[in-house]
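Next up: just one chain, as C-alpha cells, the form predicted alone.
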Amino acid sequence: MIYELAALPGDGIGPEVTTQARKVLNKAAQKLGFTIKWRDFPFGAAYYLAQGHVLPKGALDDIGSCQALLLGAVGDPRVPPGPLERELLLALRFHFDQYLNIRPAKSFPNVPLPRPLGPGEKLDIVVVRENTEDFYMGLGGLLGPQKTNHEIAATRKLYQFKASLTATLDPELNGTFSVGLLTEPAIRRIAKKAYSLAVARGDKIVHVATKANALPDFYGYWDRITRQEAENFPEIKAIHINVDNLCYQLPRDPNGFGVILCPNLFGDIVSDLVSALAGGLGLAASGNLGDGLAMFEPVHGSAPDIAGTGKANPLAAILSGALLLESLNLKAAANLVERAVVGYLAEGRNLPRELGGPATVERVGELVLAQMDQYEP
C-alpha cells in the first residue's frame, strides 16, 4: 500500500519537529511493509509575507487529495495575530469539517509531573473538543460610530449561517463583539464520539465541561443535548461540571478523570491544562478528524524564541504521527511508534532539553528511531 500524506511544517520549530516525525513514520512504514509518499506544502508566515495572502486558490483541494495531513505549527511574531490562525489553521478545520479534536494526555516514564502519581496510578486523560462551533467561529466585529450594521455569515458542512445585526452603544463608545453558535447536530455528533471513545477505553464516566450556570441559554443547550445523547450509552455516566470547577479539580486529583468532553473554547484551554499535568506540551499530541481529510499536529505552538537552537522537543509531533497512522487503520505501525517513544523515555538517558536532558531535537529523533529497531512489528 502507498499512502500519500501532506506535510505542512509551518513556522518556528514546526519544520524541526515534523522532520523528526516524518523520519519515524517512514521507518514504521518500512518495518510494516507499506510506503509513505509525502507532499510538502509551504504555507505559513514566510509564504504570507512573500505573497501577501495565506493560501492560494485551490490549495485546500490540493491538500485534500492526500489521505492525511501532518502539521507543524502556525505563528510568527512578524505576522499579527489573526491571518495565519483563521485563514490557515481554522480554514483547514472548517473546510474539511474536522469536528473532532482529540487531545490525549498520558504519563510517560521519566517525565517529571507537577503532581507525583502514587503507586499504581497512571494519568490517562483524553480531551474531546468540538472543533467547528462555539466562539472560535470568527464571527463578530467592531462597535462604535459608523459601525452599527453587521452582516455575519459562516459555512459549515452541516449548514450555512447568516445573520444581520444592528448594534449601538449609548453613549457612543468604541468596542467589539463576538457571536458564538451551537447547533444540535454538531453537539450530538461530538457527544457520540466522546461516549463511544469512553466505551472503547472501558471507562464508565465522561465529564462534560461547560459554563452553563453563567450562560444557560448557550451552554445550557449544550448540556441538554449531551444529556440526551448519553441516554444512548447506558454503560456511560455523563457528569456535567462547570469548567472552572474542572480546572480546580484536575490539578488536585487527575486520577478520577478519563474522557473529558468540551465545547471548542473550553476544550482548547482544558487540553493545555491536562498537558501540563502529563509533563508538558512537548509530549502533547492531537488530531483533528471528521469524515474527510484528518489533520494531526502537536498541541504546542511555533515557539519562535527557540527555533534553530535545537531545544525543541519533537515527541509531541512524533506522537501526533502515531495518531495519524491509527486514523488510517495502521494500528500496528501506530503502536510501534508509541512503544519506541515509551522505550526511549524509559531509558532515562539523553532526554529532550525540555525534560532536563541534553538531547537536541535531532538527537531525540535518532534515539526514537534506534528504539524502533528493538521491536518487532
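This one's a predicted model, so the numbers in the text were calculated from it and none came from an experiment. In this text, residue numbers run from 1 along the sequence as written.
Another form exists, predicted together with a small molecule; not displayed. Remarks below refer to it.
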- Query: Quick one: in the predicted complex, does every one of E133, E184 and Y221 get a heavy atom within 4.5 Å of the small molecule?
  - Reply: no
Here the chain appears without its partner; judged in the predicted complex, the stretch of 187-195, 226-234, 153-161, 88-96 with heavy atoms within 4.5 Å of the small molecule is 88-96
### Query
Does the 4.5 Å heavy atom contact test between D268 and the small molecule in the predicted complex come out positive?
yes
- Query: Taking the shortest heavy atom distance, is H207 within 4.5 Å of the small molecule in the predicted complex?
  - Reply: no
